[in-house]
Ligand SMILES: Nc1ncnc2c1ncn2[C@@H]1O[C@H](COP(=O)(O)OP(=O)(O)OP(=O)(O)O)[C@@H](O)[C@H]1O
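Presented as structure tokens, the chain that follows is alone, the form predicted alone.
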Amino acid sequence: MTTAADRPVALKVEDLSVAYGAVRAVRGVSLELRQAECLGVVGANGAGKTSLLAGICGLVRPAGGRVSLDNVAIGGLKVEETVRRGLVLVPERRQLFASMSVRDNLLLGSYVLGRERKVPEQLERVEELFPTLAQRREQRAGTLSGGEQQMLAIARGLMSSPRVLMVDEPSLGLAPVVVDAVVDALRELRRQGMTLLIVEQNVRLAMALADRLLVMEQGAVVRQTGADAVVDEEALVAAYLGGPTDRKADRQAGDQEEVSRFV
């Protein structure tokens, strides 16, 4: 049976640092993401998760380090070029064009394809993954619910036919029932073989989706672990799942119950 370790490395990040003036948001982070693998990056607000994604895709120029996609260095490229090469970011808080229709937002995601004959194929794919978008294709994006906007943001990212999809905080601000729908869609992408890097403050959700987790604190990776091991670490539970440290058994029972919603 083929495991993730047997697959080629799709995305490699080596000693990446990101700084905003004198403030260093990411401090020497390294990671490897293999084809058809889902890697979760978790941590509290301000841990550097979003800055890590920005440095990887070129939204900000790294202060140091190297990023490679399919063993080809992509550091210093414009964002448009990284998208063209197959690395796509679904940003935090969606960043849709609110006055434009669902369909037009999707078509904007396909501009790098260059070959118009692929656009209908991609539209069919994303509307099959998110049937609600097919029903609302002429509706303005700004009038969608928060969950529908998140689905549209993911679908727009998929329109460029990425090899690696990075999703920043997919559950942010969503009701639990809507989170379930987003998780189902991300799981279906995994089943189809999509390579995913998911940044998520909701550790339980990340545990339910990812093959492995990186835990960030103050811009650095403080732990790398299998997704099913996080709730066994008292320090991490206290830091990222909440609750007093002397109620480990009760909290772990609650964590497992919530995780079971996504299983």
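Heads up: residue numbers just count along the shown sequence, starting at 1. Note that this is a predicted model, so its numbers are computed, not measured.
What comes next is about the form predicted in complex with this ligand, which is not displayed.
Asker: Tell me which stretch of 190-198, 39-47, 204-212, 65-73 has a heavy atom within 4.5 angstroms of this ligand in the predicted bound form.
Answerer: That would be 39-47.
Asker: Under a 4.5 angstroms heavy atom criterion, identify the one residue in 104, 184, 92, 81 near this ligand in the predicted bound form.
Answerer: Only one option qualifies, and that one is 92.
Asker: Is residue 25 one of the residues lying within 4.5 Å of this ligand in the predicted bound form, judged by heavy atom distances?
Answerer: Yes, residue 25 sits close enough to this ligand in the predicted bound form that at least one of its heavy atoms falls within 4.5 Å.
Asker: Applying a 4.5 Å heavy atom distance criterion, does residue 127 contact this ligand in the predicted bound form?
Answerer: Although this ligand is absent here, residue 127 would stay clear of it in the predicted bound form, with no heavy atoms inside 4.5 Å.
Asker: Closest heavy atom of residue 169 to this ligand in the predicted bound form, within 4.5 Å or not?
Answerer: Yes - in the predicted bound form, heavy atoms of residue 169 and this ligand come within 4.5 Å of each other.
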